[in-house]
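Encoded as structure tokens, the following chain is the form predicted alone, with no partner shown.
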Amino acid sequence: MVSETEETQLNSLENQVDNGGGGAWEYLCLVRKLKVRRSEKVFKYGLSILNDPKKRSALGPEEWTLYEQVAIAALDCQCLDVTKDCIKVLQKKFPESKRVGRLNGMLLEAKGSWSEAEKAYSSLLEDNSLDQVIHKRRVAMAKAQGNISEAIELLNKYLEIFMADHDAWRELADIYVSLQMYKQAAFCYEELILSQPTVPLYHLAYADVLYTLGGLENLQTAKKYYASTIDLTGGKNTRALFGICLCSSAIAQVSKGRNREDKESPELQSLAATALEKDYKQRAAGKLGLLTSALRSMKF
């Protein structure tokens, strides 16, 4: 994840290059270091360096890294001829490179040559079955073709090997949510919370899924995870505050006619409602009336 300082540094350098102040190579290096996608800028400034023999030769071994960076940016910009030219140069320099082979597979994907891309990736996996990038490319390819069931199968197989890949768990959870497979999505978020218990996003997403599932036990657990989200964000997550109120209202409805021990203290939802009203007064005073009306309609 890019920090605010790094984002500021990147934007400042980008503005400098855009305004003719130099620093194109430094900008390209920073984009690569931060692993962000600024494809149009990378394509523009990277290609200008590659097309200048003097600037290109000054890069030394980094020249080949730039060819790869520009090739990927060109794919994003749908400039497939440029990608093809970059791959040709890299293949000539590194004829047996698996990394260049991946680029060629990505080019086949961009052309819509799915079967050829699959053959290329399968061949590369035969040489190295632990190549994470290729496994992920196959998932992306399945999604691009609308084959969601295959994407799920590939992701599950991938996670059997690379269980610590948080991005893959999130991707799988998002797919399950899109298919309304909430129990499976809940499992994914449980794995994420176990591995990264201090990330509020996972607590919030897990609470959302449990609230959607409904039922007294799920609602009570959802409320706890909304509360933990508030705790991890210093009380500044509006969605989690709303979640507390919604869960409390739903629990009150489900608990009607039950024993007193099934009912909850109104203290937490009162604190959440107060925090919401304070937040709206500071940031959206014009909508305070709508908030008050919404909170009144919830029966705690």
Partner chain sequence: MAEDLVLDTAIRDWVLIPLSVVMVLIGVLRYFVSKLMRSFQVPDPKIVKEGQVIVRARNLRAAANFIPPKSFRSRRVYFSNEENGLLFVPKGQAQNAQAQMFSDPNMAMDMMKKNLSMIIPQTLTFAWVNFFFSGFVAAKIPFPLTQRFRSMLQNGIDLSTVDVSYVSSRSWYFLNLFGLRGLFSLILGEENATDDTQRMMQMSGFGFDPSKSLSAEKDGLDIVQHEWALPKFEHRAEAVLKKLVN
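These numbers come from a predicted model, not from an experiment. Numbering follows the first chain given and starts at 1.
There is another form of the same protein, the form predicted together with the partner chain; it is not shown, and what comes next is about it.
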{"item": "Exercise: Ser97 in contact with the partner chain in the model of the complex, heavy atom 4.5 Å", "value": "no"}
{"item": "Partner contact for Leu107 in the model of the complex: the partner chain, 4.5 angstroms, heavy atom", "value": "no"}
{"item": "Partner contact for Arg138 in the model of the complex: the partner chain, 4.5 angstroms, heavy atom", "value": "no"}
{"item": "In the model of the complex, Glu116 touching the partner chain (heavy atom, 4.5 Å)", "value": "no"}
{"item": "Position in contact with the partner chain when the complex is considered in the model of the complex, options Ala252, Leu34, Leu268, Ile49, heavy atoms within 4.5 Å", "value": "Leu268"}
{"item": "One residue of Leu179, Val133, Met163, Ile148 in contact with the partner chain, assessed in the model of the complex (non-hydrogen atom, 4.5 angstroms)", "value": "Met163"}
{"item": "The partner chain in the model of the complex: contacting segment from 201 to 209, 87 to 95, 139 to 147, 70 to 78, heavy atom within 4.5 Å", "value": "201 to 209"}
{"item": "Triplet Glu190, Ile230 and Thr274 all within 4.5 Å of the partner chain in the model of the complex via a heavy atom", "value": "yes"}
{"item": "Members of 233 to 253 lying within 4.5 angstroms of the partner chain, judged by heavy atom, in the model of the complex", "value": "Gly234, Gly235, Leu241"}
